[in-house]
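The chain below stands alone and is given in structure tokens; this is the form predicted alone.
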């Protein structure tokens, strides 16, 4: 393998690897396809091509895989887009391990294009965009090196250093052109044909179900993905909000799971009222991020009204209706990648709910106990309360006792027959659901109404608002206090209520989330309306005219500044384009080669089919032809002008042709004087 070829193959293989990664980042490809392609890429980068002598066998294996994938698609067990992407990866892997000739190179690059198209259908997220750029750069350089390599005579090294500079410049202009294209033209979200949306860094982990089941490990506490962004009015301007964001409450416990006594309603509306509002409501503009992975609206305790929702889907954003379910849960009617909506909540304190306003089945459920509840639960509660009968004081007393006597852990062995008794009397360790369940049931054993609430706890201040992470998922207790309604009492130790993920990881996720948000706004969702908004922001004045003063129709100063910048950019582009068009382009070198060939033909020296000028020069040198010394500098200068980034200077081509013509004439005279025919170089 000659110098330069190895570099070209490494760039080609790496480009294919980035194309495959643009699909794999969606998290939807089968595991076996990831493993097979990964092994093939490592073997190819090591310079091994084990399929070079097994073309027929590997082609038959690919056919068998195609039939298997097709069968799975027809059976409904595999999505068509996912199956096509997985098969494109296998084709590319087979080509990477085959003989690296010109045909294989083209097939590797073509399969790379198919894979990035598949990646656009599956994801289109920020990481996909980075892999797409990497593929474009590496594949472009590999293709250009392949062209240069084919023009260099066999046995001679490829002038890699000479061509890398012009190639890098060309690729840089191509990237800038692509950026300009993205800014100037609106675009569609290509993943509209994909099977589902991807949250970018893997599957969503937060969410709400119809039940809460005790037991298992609480690994979600270590998840730093941002699931909620919100702006508050009035803004408390705290770095750590320490607020409860409620999604749903539960009132029935069967010993293993929490559920609701009230049935789901069927109505839909754009704005729903859960309880009467007051003048000092806290307004929230909430955005649920793709990592949220559920359709339940979340709001600060205690929500009064929720609505004006918009669902962001793969084909754009649209208004969506909401409907109320049991437990005060409100859900979006339509599914989407992310959501935005408005919410109004009462100030922290009490809900104001009256027991008489609750449905009868819910009033009864607030005192219900599971069958077979361990008698020690009630005995322990009575012993700790020691005659305390006020519901709020009792809840706080039991909460303090639980925080003092029990420890927090996310490492649980799994389901046990009686998780409450196991937590209170065996392990004496648990996470927030165990603490909240124990407090709720202990209150009920003493005749005090209580229920379980789930949602998030926390809120980290960012520019202009607050973010909540998946690791902030939490459960707590609502105790019903006569005259005040439901009041939050949290039995979980305070240090373990919010996310448990490392701070450095949270900062890295913050950075990624900000860039991803910009990618979604500026790239994926960029449309004509956004363009008009940008133009209007430059041409319209934001200043409020003074009283009794007519509004000015003159453009603001920034409009003139933008016009000057645009004019400067246009002038610079025109100068660069003029210089580019006026320089001697590679086509001049091609015409120069044609003129050299015509002069050699006059000396009865012609090139055989497929023979380059450099190869002809090498052949004449081997034959010790008299014209070889005159042709060598001409051929070298042609190679530099054609591939080395050194175009022919003004008059240089004519001077070289004159020298060659003079040498041909001298040789012709010498042959004539000797009475012999000049040497024939036709045969090789």
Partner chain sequence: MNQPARALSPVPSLANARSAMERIATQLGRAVQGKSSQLQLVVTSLVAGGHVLLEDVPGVGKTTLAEAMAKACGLSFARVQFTADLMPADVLGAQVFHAQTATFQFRPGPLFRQLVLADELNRAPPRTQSALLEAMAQGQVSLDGATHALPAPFTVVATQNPVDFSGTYPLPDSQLDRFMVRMSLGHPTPEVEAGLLVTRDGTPPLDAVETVSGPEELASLRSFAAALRLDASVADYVVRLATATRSHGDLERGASTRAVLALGAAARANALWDARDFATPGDVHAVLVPCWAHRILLRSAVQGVSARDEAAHLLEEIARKVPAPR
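Numbering follows the first chain given and starts at 1. Here the rigid core means the biggest group of C-alpha atoms that line up within 1.5 Å when the two forms are laid on top of each other. Small disclaimer: the values here were computed from a predicted structure and weren't measured.
Below, we turn to the form predicted in complex with the partner chain, even though it does not appear here.
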query = Given that the partner is absent here, does residue 638 sit within 4.5 Å of the partner chain in the predicted complex, heavy atoms only?
reply = yes
Residue 361: touches the partner chain in the predicted complex, heavy atom cutoff 4.5 angstroms = no
query = Does the partner chain come within 4.5 Å of any heavy atom of residue 590 in the predicted complex?
reply = yes
ask   = Hey, in the predicted complex, is residue 54 touching the partner chain, heavy atoms inside 4.5 Å?
value = no
Answer option from 371, 411, 594, 237, heavy atom within 4.5 Å of the partner chain in the predicted complex = 594
Residue (of 223, 313, 320, 612) lying close to the partner chain in the predicted complex, criterion heavy atoms within 4.5 Å = 612
ask   = Of 270-278, 446-454, 604-612, 426-434, which is the one stretch near the partner chain in the predicted complex, taking non-hydrogen atoms within 4.5 angstroms as near?
value = 604-612
request  = Inspect the rigid-core superposition and answer whether the C-alpha of residue 611 shifts by 2 angstroms or more between the shown form and the other one.
outcome  = yes
